Ligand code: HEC
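Here we start with a single chain on its own, the form predicted alone, put down as structure tokens.
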Amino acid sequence: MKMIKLILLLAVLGVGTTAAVMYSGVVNVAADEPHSDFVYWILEETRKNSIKKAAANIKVPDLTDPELLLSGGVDYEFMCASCHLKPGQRESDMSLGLYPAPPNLTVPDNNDDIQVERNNFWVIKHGIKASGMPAWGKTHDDQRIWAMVAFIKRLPTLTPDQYQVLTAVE
């Protein structure tokens, strides 16, 4: 009986503390103020593990098709480059204004495994809540999203001139 009372007391305290934090306004939600290291770690670990689990069984197609690279490049230019940058670009108004900052996809991540491709597909298709990353799967089919994944895979190796050629609209 004492154990049940203790669990009930802890639950009431937990709910009360949560409500007090929520309604007091003490948590700063401004995008120009970073989270504490602890909160940032919790959010990052949650994001990484959620994406990895959700993307674990995605079947990756052959991403070496040149047509994928070309069609993915055009979409990247119009949908992604303002946040995730272009070769030779270090920042943009969007990359500076978003928190957490979007990853710079022009920089190699030294992690060239199939799980990265699965993760990229899942993120592009489903987006990430409260991050500025939209769910492009609502407007783009899987083939078009895989084209963006193929382009992103090659992006770190492109020069600014190569990028210009691959993203030009006819």
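Quick note: we count residues from 1 along the sequence shown, nothing fancier. From a predicted model like this one, the values you see are computed outputs, not experimental measurements.
Below, we refer to the form predicted in complex with heme C, which is not included among the displayed structures.
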property: Complete contact of 80, 131 and 134 with heme C in the predicted bound form (any heavy atom, 4.5 Å); result: yes
property: Contact test in the predicted bound form: residue 68 vs heme C, heavy atoms, 4.5 Å; result: no
property: Close approach of residue 101 to heme C in the predicted bound form, 4.5 Å, heavy atom; result: yes
property: Contact test in the predicted bound form: residue 126 vs heme C, heavy atoms, 4.5 Å; result: no
property: Contact of residue 152 with heme C in the predicted bound form (heavy atom, 4.5 Å); result: yes
